[in-house]
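Starting off, we have a lone chain in the form predicted on its own, written out as structure tokens.
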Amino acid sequence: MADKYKRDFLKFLLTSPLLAAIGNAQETEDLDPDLKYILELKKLLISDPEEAINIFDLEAVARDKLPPAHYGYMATGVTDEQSQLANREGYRNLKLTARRINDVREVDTSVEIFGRTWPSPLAIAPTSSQKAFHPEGESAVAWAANKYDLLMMLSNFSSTSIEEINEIRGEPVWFQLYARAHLESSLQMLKRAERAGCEVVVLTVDLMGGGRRETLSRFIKRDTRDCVPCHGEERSPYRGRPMLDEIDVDAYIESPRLYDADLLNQIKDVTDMKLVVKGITHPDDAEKCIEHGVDGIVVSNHGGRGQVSARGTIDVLPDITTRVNKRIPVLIDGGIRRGSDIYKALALGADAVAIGRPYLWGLGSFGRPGVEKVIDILSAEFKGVMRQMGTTSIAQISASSVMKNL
């Protein structure tokens, strides 16, 4: 059995962006012995989420359980994976400087966004097609968000309806929208979300031009299943999506993506929902959003899935938060894997942080208990870092705690 895990992992390694991160080694024998040892640990899969030491233990199980194409869709970035790697590298390049002689027995992690107090700055980013990773899909994530009272965003390409998720979550989630030039369809979905009680729409703007997802393509080649019954001949990601039920799907999908300033104005004109724009990576765009009445932004490069050679989101965050200057909330996603990453993002001005792949690892590994374990681990790590840093509230976290590697 151990040999099987080793063979499977080495197959994964050959299609993984990890090779790029370790110098494009062609043979595992060329690896540093310490790194080789760490990679070998991946074969020791846990059998229960409570056994997880960190969230990567759950990622290993999800990779082992999921069909190759489904795992590839979750794991892929764009082309050479440099944008996805940059998101992680940005956090690694930041070091924390602690303050001592403080009473840190009681720690308050609560934040306020749009007048709502959340017990944690950790939020659930929108990801599509979650039933591809577990039969419970978005429902499992919503139950976990309900348990921990987390801010949750739901993709308009979700595999569960907005109405059902709002009921499970116990309050309306934030509705994420991909707008296209067939504006009627986009606005229909927007109005449906508003009828369901949603108070915030999250407009994603960072997928212009598309991008070749090479890692996904490699994993698809390893998948021997018949995918036609679920996806059709084109492996369409749009079949069976509840939010597309009431629209002209062909007109919507075949029209180009639309992310111009006029769209911001039109959305503000037709809905009372607050408008958050997700995908901002430049301070000038943040300023433009404010000029057009946007209520909040998410600093994001789509997890490295849409733009080649992107800077890590944590690297662009300080310029954006400086320009915004607390006029609207600023959230961030991309590359957050540790409680220390949450702290670093807040120190550089973010009001909250959102995770995507980490909770999908939990979902793909053990369903709802896996998602809950991811939240448990990151929350415990974050509280621990707050104590280590001598901070007992979010307001005490500041840029003076962060130093960049030279």
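In this text the structure is predicted, and so the values were computed from the model without any measurement. Residue numbers here begin at 1 and follow the sequence given.
Below, we refer to the form predicted together with a small molecule, which is not included among the displayed structures.
With the partner omitted from this view, the residue of Thr321, Ser186, Thr215, Thr127 that lies near the small molecule in the predicted complex is Thr127 [heavy atom within 4.5 Å]. Comparing 334 to 342, 362 to 370, 376 to 384, 57 to 65 against the small molecule in the predicted complex, the single stretch with non-hydrogen atoms within 4.5 angstroms of it is 334 to 342. Among heavy atoms of Pro49, none comes within 4.5 Å of the small molecule in the predicted complex.
When the small molecule is considered in the predicted complex, Ile267 lies well away from it, no heavy atom lying within 4.5 Å. Looking at Met74, you'd find a heavy atom of it within 4.5 angstroms of the small molecule in the predicted complex. Although the partner is absent here, Gly312 sits far enough away that none of its heavy atoms falls within 4.5 Å of the small molecule in the predicted complex.
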